[in-house]
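Just one chain is shown here, as structure tokens, and it is the form predicted alone.
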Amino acid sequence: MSEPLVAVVMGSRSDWETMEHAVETLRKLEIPHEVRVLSAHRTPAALESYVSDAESRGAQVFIAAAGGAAHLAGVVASKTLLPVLGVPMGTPLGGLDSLLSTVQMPAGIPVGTLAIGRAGAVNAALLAAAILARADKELEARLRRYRKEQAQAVLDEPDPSA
């Protein structure tokens, strides 16, 4: 795959169960991406190095999992001017802790926050695609086709009352 346009970062391997849905969506849209496990708390120097390296290699958007401590997306955002999309993970508290920590970023360091879990992961990939599609007409066409297929899948559903 060519240089990554989207960098997907998670603080723990356990976040993969959710974040694989973002990666699957990026693959469907043929968006070059890469995935790393780096912790804001356990590997801060490696995370900072990775963010600057990914940016220098062409990354245009970061998607970051927000686990129980939920600082990863904020730390990534503090190290780059590129858009950072935070995906709150499900937690023993239902993910509300991750959601609130991610959405309550202080003024000056924005993190676009998506829904908790799978829906948020898919939508983070779609939002990254929409951001990238502004400068890539081929990607814009793929994104339009994806949305059309999603609409058709709904229309093709059988009548549930039948």
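We number the residues from 1 along the sequence you see. If you're wondering where the values come from, they're calculated on a predicted model, not measured in any experiment.
Omitted here: the form predicted together with a small molecule. The next part is about that form.
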Partner-facing stretch of 59-67, 45-53, 130-138, 117-125, counted where any non-hydrogen atom is within 4.5 angstroms of the small molecule in the predicted bound form
59-67
Is it the case that Ser14, even though its partner is missing from this view, gets within 4.5 Å of the small molecule in the predicted bound form, heavy atoms only?
yes
Val84, heavy atom within 4.5 angstroms of the small molecule in the predicted bound form
no
Can Met89 be called a contact residue for the small molecule in the predicted bound form at 4.5 Å between heavy atoms?
yes
